[in-house]
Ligand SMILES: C[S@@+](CC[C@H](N)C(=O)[O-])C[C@H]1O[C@@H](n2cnc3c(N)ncnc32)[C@H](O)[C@@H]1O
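Just the one chain here, the form predicted on its own, laid out as structure tokens.
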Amino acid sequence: MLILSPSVLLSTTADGYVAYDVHLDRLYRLNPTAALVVELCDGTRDLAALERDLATVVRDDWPHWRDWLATAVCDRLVYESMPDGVPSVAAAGPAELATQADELQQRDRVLAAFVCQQRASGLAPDDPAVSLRLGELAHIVGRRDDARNAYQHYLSQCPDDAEVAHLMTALSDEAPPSRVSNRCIEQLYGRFAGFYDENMLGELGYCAPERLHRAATSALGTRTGLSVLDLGCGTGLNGSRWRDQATHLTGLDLSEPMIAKARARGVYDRLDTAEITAWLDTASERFDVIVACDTLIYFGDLTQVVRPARPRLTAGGVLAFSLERGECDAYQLSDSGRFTHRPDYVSSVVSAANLTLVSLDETVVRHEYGQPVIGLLAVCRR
């Protein structure tokens, strides 16, 4: 009798199944017919019975599927009789499967990690931590419906999680908000602050501060002795680039833990914890340079920042900011929870604010899940 390996976990996909063998650490992708063949290998059929039951599906193509099944047996996806010594995945508990998922993700085996976490979630549906991890892994592998369902289940138990609520908005395909909420930013960077530099510079190859500084400096020429305002300064990675050119460097961020990291870096003359649009609306100072590196990705409507920034610039002062490039609408909330912006929209916002667009360049600003993130570097002059 033909039987699926007891150490295999199955997960449906849009076009079949994915099968992960926990014991062999092997992943199989199955098209719809292969998925049906595997599904029928339930220990009640031998090869002849399987051929009979598949006759209307495979018709004259049975020799191909017989050969495929022989390969599946050779690969130990399917056995011809119940094997001895192969651990059954049914014996694994949710904690064990979740640990396996974490280890797989650390080895960049995210699809296999998702399959393990999906089983863990099925075994522990009332554990919000398990649901949250399932949402995160589904999000990473692009399974939007699974991510949305897992996040929704998590939020039913933890309704105050602003970060996950925002991701639900991103995954809902509804009209986006004009910006990410303060509460979400505070929660996100309160969690992120402890490992921000290591993650951005190490894992993500973050190069936006360097490239934005180069673009802005090109517009400034040889000017030094500058008064510089760093909007969304974070831990100070961007501010560090400006220290040598600045006689006074001000950093502004909504997250107190990130401000604490920037203070420890020791590059700023002044640091304020505040929401940037409110700060710009009430400030009286003027700056030669206002820079926002990976800050406006949390704003859809850029007018909210660009317009109040203009009065805070000296004559000839420069506003420089980075974005993620979008292709569709003027701005769009992506599945990542960050906004993307189309270049022509950026140009129109700058023009409407009575600023001159000096340059608008495309460049890679970092990598995410091994893929380059294409950004926009905008430099404007008053």
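Sequential numbering from 1, following the sequence displayed. Here the structure is a predicted model, which is why all the values come from computation and not from measurement.
Keep in mind the form predicted in complex with the named molecule is missing from the figure; the text below concerns it.
Taking the partner from the other structure, the named molecule in the model of the complex has no heavy atom within 4.5 Å of any heavy atom of Y151. By the criterion of a heavy atom within 4.5 Å, C233 is counted among the residues contacting the named molecule in the model of the complex. Within 4.5 Å of some heavy atom of the named molecule in the model of the complex lies at least one heavy atom of Y189. Among residues of the shown chain, F299 is one whose heavy atoms approach the named molecule to within 4.5 Å in the model of the complex. Comment: the named molecule is not present in this chain, but in the model of the complex one of I290, A120, A101, M258 has a heavy atom within 4.5 Å of it, namely M258. For the options T295, T250, Q245, Q105, the residue carrying a heavy atom within 4.5 angstroms of the named molecule in the model of the complex is T295. Contact with the named molecule in the model of the complex, judged as any non-hydrogen atom within 4.5 angstroms, is confined among 105-113, 132-140, 216-224, 270-278 to 270-278. In the model of the complex, the named molecule lies within 4.5 angstroms of a heavy atom of only one residue of 207-224, namely P209.
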